[in-house]
Structures are given as structure tokens and as C-alpha cells.
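Take a look at this one chain, the form predicted alone, written out in C-alpha cells.
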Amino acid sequence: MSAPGAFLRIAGRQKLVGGFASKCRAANLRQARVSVPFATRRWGSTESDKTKSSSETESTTPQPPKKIQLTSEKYPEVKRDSRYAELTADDVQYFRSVLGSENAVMDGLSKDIEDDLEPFNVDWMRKYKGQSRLVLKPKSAEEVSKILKYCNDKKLAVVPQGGNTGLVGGGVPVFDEIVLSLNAMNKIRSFDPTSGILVADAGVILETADQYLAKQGYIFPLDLGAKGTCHIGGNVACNAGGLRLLRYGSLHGTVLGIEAVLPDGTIFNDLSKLRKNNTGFDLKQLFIGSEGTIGVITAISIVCPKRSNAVNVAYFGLPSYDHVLKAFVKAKSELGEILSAFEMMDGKAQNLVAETTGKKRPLEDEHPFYVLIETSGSNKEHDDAKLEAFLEGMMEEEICSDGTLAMDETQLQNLWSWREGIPEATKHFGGVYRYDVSIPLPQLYDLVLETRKRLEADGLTGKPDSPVVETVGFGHMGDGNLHLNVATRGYYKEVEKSLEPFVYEWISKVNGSISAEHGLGFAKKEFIGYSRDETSQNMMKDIKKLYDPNMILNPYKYI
């Protein structure tokens, strides 16, 4: 149970400030809360975090990074396609003439710059490693056009890359493909404060866009734990979902227009600023979620909502997944239009965050499940009244065992860090197998339980030196998106064989999707059939062949 709260007089009444009382006996005492301006969510720490003992510090020291095996060596069945030409000095010279600046061309062909190229060759999870010897950094769609036209004519394979925060190996080379980095395309082109429509280069960092909008009183309709690194163009290319989808919907709805360069160098300019444009095919939708396989997104226009001036975050401990479902139904019913996030985390996921960061837990006791709820609205008194009634009901109906509410900006950030810190915690031990899936809510957590049983039966977990450290589940309840993470001490063929195709077969049986928001990339290329029938796959292949007949864009991936 959380520490008893102090009493504070608000609006002429006494309200309880602090943690909820487990199975609250004092139904007449109401939990107070302070609405704070929306804070940029960061990994936070409190003063108590800084007082860790030396033993705690030692136990949370990250494992030294292991040498990353080349993707081509790890998966020898994948062969380099002989249709692609090999890079020459003449090619590099042409790209220099197009880009001009020496910094825009990272040339590993004429000199040894392997260490400089590694961040572009290795994915964020350190699972995949390509062998590119050339990174190009164009500053405009016109430069991208010249690069792609040349590569298409010469049959040089290209991998478009944003912030390289992908989780399925979709943004890094498999062999020696040229990396086309969008890092230098980072300008905000325009913003209309009346309509809330933003037009920006694809290489703008998500957090930068959100901070820019905050000054205008608006918010970017997408939020991710990787917002400080990922690019908005990459987000659109992968159709990222994130933490705000429950409130603002998917990018298929918020993106109004796209500028993209096709493989032959043609610039597709559809940067519409219109909410309605019913003139034939909505072609921009082809690029949203295409993972850079039919064109390189160079700019987007997107409608952004007003930033809420009353934001609350509550964090609960619950005794079972059934109680999580009850809490979700209650939140949708009673919080309605102000509910902006409903995140589920199992106890093992929160244990990993505690172990790897040494942070003080928000709740005193440990619980099998946790839920983080965020509300955001424009009327503080209205929101407070709705949240107050909801919290009372959660306690009186014994849906939650314990809980706490952010009372200021620091606490709000800290509570969010317990959700956003899970991905980093799971890769702390040397490796992690991540599965981003959509499953009907009643069966959503069953996959975690079945995966644990599978790994135990295969003898891969349960011992101090077992490959598998922990299997955890967390995700976005609002859209049925589970993140199944298997934390390991490295990457092992026996673990991969135990998990795949088992996970995908299980998902297929409950009519789920093997990718909810991370895409398919290299990791799931062999398993698309578990979610898409043959007709759908053939249609995607036909579209790929139509726009990229030489197959130069992002080869060896899902299509």
C-alpha cells in the first residue's frame, strides 16, 4: 500500500492527497489531484534514485556490448541478389557532385571508416548488421531524386533510413546497400495555427516537432518512447502507433499529404493541407506503412490537435489481467473523451525496470499487473470531477489493489518512465526478442503465459545461466496492441527457433496480426502469411513491381 496521504483543503473541502488506500475503507475521502501542463515525457529520476547502494549499482550495470554478427552470417540462407551492381569509385564521385558537401557523403569505399559507418549498419537492438560502405545525406527532395534515378539506372540497392530506431531490422542494410539517411532533411516548412496543419521534412525528429508545436499550443498526434531520436518520416513509413493512438487515431487518418521520391527519381508531390480531397485514389496511403519499399518519404503534412491544458496521470496495481480488463471498460465508460492513454504492464516488466534503473517504485508493494492512465482535456474542473468519480469507483469496486496519482510535473514524468523505460530495461542483459502484435483483448495476455510455458519446456529459462532472463508483456490496451518481450543474455538460434514460428502460429489462431505498429522489416519477412492471405501478398508484390521494377529500394525485407 502507498504511504498515507496528507490532508489538503481544496475548494472548501478536505481531499486526500497521496496514494490510494488499498480496498479503500474511507469512501467519503476523495483523492485530490493537480492538473499540470502537458510535460514532455522523458526518462525521469527522483532524488531517491540517486541514493542507491553500491550493491544495487553493481547489479544494474549493463552487460558489455557483444560483437554483432553480420546479418548475412547469422542468416546464411539469405543470399546477395546478383542483379545489384557493386559500388565503384565513379559512383561515389557522382554522389559527391550531387550533394556537394563533404559531410553529406560518408565514403567507406576509398578509406576505412567502419566505426563511423557502424551506427548506420547496426539496428537499435544490435541484432542486425549490414555491410554498407556508403552513407548519403541529401538535404532536399531534388537531391534524393537525383540519387535514386542514378541508383535505379545503375541497379544500385538503397536502404532509406530515418532515426534508425526500428525494431524489425527494416532500416539497416542486409548486405552492401547504400544507406540514404534523411538526417539532413530536418526543416519545419510551415504551420497554420488556425487549422493546426504542420508541413515538415521527413528527417525532423519527433520530439523536435512536438516541442515546436508546444510553443504554438498544439501537440503532435503521435508519441513514442523513442521520440528523442526517431524521425517523423520514418514514423509514417512504418505507420507507428504509439501512446496517443487511443485519443488521436492512426497516421492513416492524421497524415493529410506526403512528398515522396519514387525509385526512378520521380517526385510524388501530394503535400495536401486539405482535410477533404475526394478526387480519385488516396495515393498517400500507399506510402504509410510501406517501410520504404516503393518510395522515400521526404516530407509530410499532418493535422495536429490543440495541446491540452489539463493533464492527469494515475498509476495502479491490479491483482489479475481480468481486473485490467475491468479497469479498461470502466475507463472508456467513465472517462470517455478525456481518456488519452491506457497502458498495461505486467509485474515482471516493472520488476525489470526497477532492477535495471534502481528507481524507487511508485507503489510500495509489488503487484501482478499495473495500469497507467492518462487523461487530457481543456476544462480542469470537468476533468477533475470525471477522474475523481472514476478513482473512487476503482477503489470501491476493488478493481485496483493500490494506486498513486501524479501531483506535479516531476511525478507525471516519473510515472510515465515506468512504462517508457521497459524497452530499454528488456535489452539490458545483452539481447531481446520483441514481438509487436495485435490480439483480441480477452486473449491478449494469454500469449505471454503460453510463451513462458514454451520457453520453460524447451529448457531455455529458469537457471542463472539460462539464455532467457525474463518474458514480459506490456502494451496499449486501447488498440489491442501487446508488446511481448523476451529478455535474453544475447541472441541465440535455439531461442529464436523456440519462439518462431510458435508466436506467429498462436496469433494466427486467434485472428490477430503479427505486426501492430513496428512493421515487418527483415525480422518478419518469412511470416507475413500468418496475417495476410495469398491474394493480399500478391497485390503488394504487384504494387512493388509497378513502382520499383528493378527492386532497388529496401531489398531483402518483407517484399
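Think of the rigid core as the biggest set of C-alphas that the two forms share within 1.5 Å after superposition. Numbers follow the displayed sequence, beginning with 1. All figures in this text were calculated on a predicted structure; none of them were measured in a lab.
Here the subject shifts to the form predicted in complex with a further copy of the same chain, a form of this protein not shown in this document.
Proximity of R247 to a further copy of the same chain in the model of the complex: non-hydrogen atoms within 4.5 Å are present. By the criterion of a heavy atom within 4.5 Å, Y558 is counted among the residues contacting a further copy of the same chain in the model of the complex. Residue contact with a further copy of the same chain in the model of the complex: N485 places no heavy atom within 4.5 Å of it. By the criterion of a heavy atom within 4.5 Å, R80 is excluded from the residues contacting a further copy of the same chain in the model of the complex. Of the stretches 395-403, 266-274, 151-159, 366-374, only 266-274 has residues with a heavy atom within 4.5 Å of a further copy of the same chain in the model of the complex.
The contact residue chosen from K453, K74, K187, K306 relative to a further copy of the same chain in the model of the complex is K306, the criterion being a non-hydrogen atom within 4.5 angstroms. The contact with a further copy of the same chain in the model of the complex, taken as any heavy atom within 4.5 Å, belongs to H476 out of H476, R133, K227, K127. Annotation: in the model of the complex, residues D192, S378 and D533 each come within 4.5 Å of a further copy of the same chain through at least one heavy atom. Taking a 4.5 Å heavy atom cutoff to a further copy of the same chain in the model of the complex, the one contacting residue in 215-234 is Y218. Taking the rigid core as fixed, one finds a CA shift for F287 smaller than 2 Å between the shown form and the other one. With the core held fixed, the Cα of F390 is displaced between the shown form and the other one by 2 Å or more. Once the rigid core is overlaid between the shown form and the other one, F220 does not reach a Cα shift of 2 Å, moving by less than that.
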